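As a starting point, one isolated chain is supplied in C-alpha cells, in the form predicted on its own.
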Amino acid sequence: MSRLEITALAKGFGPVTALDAVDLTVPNGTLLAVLGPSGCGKTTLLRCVAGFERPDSGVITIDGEVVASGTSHTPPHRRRIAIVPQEGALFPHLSVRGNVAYGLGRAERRTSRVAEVLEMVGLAGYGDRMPHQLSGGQQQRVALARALAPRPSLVLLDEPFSALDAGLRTDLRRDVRAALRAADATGVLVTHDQAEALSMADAIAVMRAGRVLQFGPPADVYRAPADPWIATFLGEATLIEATLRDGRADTALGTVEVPSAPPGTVTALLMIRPEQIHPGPGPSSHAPAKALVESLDFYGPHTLLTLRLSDGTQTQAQVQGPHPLPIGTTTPIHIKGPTHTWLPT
C-alpha cells in the first residue's frame, strides 16, 4: 500500500483546462472516490496519476517518490500502479488463471499468488474457465484480481461498474471494497455515481470544471456540502431561504432547528434532505405546513413523494415502504430532526 499526494496539479488540452490546481492526499490503505459530472476532469486526473498523461505543472508523489513534476515524468510501467478499466478487458485466449498471472514474474507464477487473489475476489475454483464463460460481474472480478496480483503500490478504478446492471453493481461494489481491504490496498475510484462513491469510499473528492470543490469523509460531504451545487449534486436536496434566529428558523416547510448556526440573526439557505421531510403533523405546537402530493415513486424499501407547497416550492419526502397517500392529496408535513447545513446568502 502507498500514500498518494497530488499538489497543484494542472493539465490543459488546447484552450480547455482539464485540471486546475488540484490538491489531494490519499493515505495508506484508503479508498478515495473522485466524483463529478462528465467533463469535470476526473478521468484526466486518473490518467495523470497512472502516467498516461503528462501534467503541465504540479507534483504527484506515490509513497514518497515523485513520479511527475515540472522536470520529471516516470513512465507508467515504472510506477507500480494497477488499473481496473470500465470493462474487464481480459485476454479472450487466456484462462482466468492466465489472465491473473499475466502481470506476474515467472517465479511468482509458480507460487500460490493467483489462487490467493482469486479467493480474495470470490472466484476460487474458477481458474480454468475462459472469459466467455463468465458473467460481466465475474469478468470484472478477474480484472480486479489481475490488478491486485502483482501487489501494486496503488490501484486505480476507472468507473469499473458502469457497464453492469444495477443489482449486480451493488453486490460487486461491496465485494470489491472487501477485496481492496483484504489486500491492504490504496485505491482511487473515478465515478459519476453518487451511491457508488458514498457506499464504497473512505473519502470523497467532488470535482467540477477541473477543480476539487470539497474533500472529506462521505458522511461529512453529504451532510455538510460546501456550496449549493454540491448539495444538489450529491443526492436530492431542497434549498430554502430562511432567517436563522438563535438556532432555529421558520420556513415554508415548518420550523427547523439549526444547532450549528451562530447566535443572533443570519440569512441563509437551509439544506433539507428528503429523509428529513415526513408527511403528517409534527410534534411542534405551530400549525404544520401543507403540501400537495404531485407524484409517487415506489422503490421497494422506500417511496419518494414529490410535494408542492402553497407558495409553489417543490420538495421531496422519502418514507419507508409503500405510502397510502394518493396523488392529488393535500397533507400536512413536518421536518424531523435538526439540520446542520446552512449556507450564508
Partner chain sequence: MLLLLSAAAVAVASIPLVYLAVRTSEAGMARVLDEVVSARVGTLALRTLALAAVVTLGCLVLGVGSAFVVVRTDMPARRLLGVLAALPLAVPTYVAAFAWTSTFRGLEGFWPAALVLVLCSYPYVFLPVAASLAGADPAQEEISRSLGRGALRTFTGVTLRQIRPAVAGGGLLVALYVLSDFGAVSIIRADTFTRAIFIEFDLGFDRTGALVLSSVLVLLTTVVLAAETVTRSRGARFASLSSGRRPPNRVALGAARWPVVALLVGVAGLSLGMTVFSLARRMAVGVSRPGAWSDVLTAAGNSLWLSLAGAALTMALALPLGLLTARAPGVLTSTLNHLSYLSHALPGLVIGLSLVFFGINVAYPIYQTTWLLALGYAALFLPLAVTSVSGAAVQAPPILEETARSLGKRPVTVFRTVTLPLTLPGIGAGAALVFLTCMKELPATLLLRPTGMDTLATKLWSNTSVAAYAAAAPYAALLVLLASLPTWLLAVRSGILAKEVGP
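Numbering follows the first chain given and starts at 1. We call the rigid core the largest set of C-alpha positions that still match within 1.5 Å between the two forms. Just so we're clear, the structure is a prediction, and the values are computed from it rather than from any experiment.
Omitted here: the form predicted together with the partner chain. The next part is about that form.
**Student:** So in the predicted bound form, is the partner chain close enough to residue 226 to count as touching (4.5 Å, heavy atoms)?
**Tutor:** Contact check for residue 226: no, nothing within 4.5 Å of the partner chain in the predicted bound form.
**Student:** With the partner left out here, check for me: in the predicted bound form, does some heavy atom of residue 87 sit within 4.5 Å of the partner chain?
**Tutor:** Looking in the predicted bound form, residue contacts with the partner chain include residue 87, since a heavy atom lies within 4.5 Å.
**Student:** Looking at the partner-bound form in the predicted bound form, is residue 189 within 4.5 Å of the partner chain by any heavy atom?
**Tutor:** Close contact is absent here: in the predicted bound form, residue 189 is far from the partner chain, nothing within 4.5 Å, heavy atoms only.
**Student:** Just checking whether residue 147 would be counted as a contact of the partner chain in the predicted bound form - the rule being heavy atoms within 4.5 angstroms.
**Tutor:** Yes, residue 147 lies within 4.5 Å of the partner chain in the predicted bound form.
**Student:** Can you pick the stretch from 112-120, 138-146, 172-180, 226-234 whose heavy atoms fall within 4.5 Å of the partner chain in the predicted bound form?
**Tutor:** Result for this chain: 138-146.
**Student:** Which of these residues, 104, 261, 201, 256, gets a heavy atom within 4.5 Å of the partner chain in the predicted bound form?
**Tutor:** Exactly one residue meets the criterion: 104.
**Student:** Could you check which residue among 272, 268, 134, 213 gets a heavy atom within 4.5 Å of the partner chain in the predicted bound form?
**Tutor:** By the 4.5 Å heavy-atom cutoff, the listed residue in contact is 134.
**Student:** Does any residue in 17-45 get within 4.5 Å of the partner chain in the predicted bound form, counting heavy atoms only, and if so which ones?
**Tutor:** Nothing in this stretch is in contact.
**Student:** Please say whether, between the shown form and the other one, the C-alpha of residue 130 moves by 2 Å or more once the core is aligned.
**Tutor:** Shift of 2 Å or more: yes.
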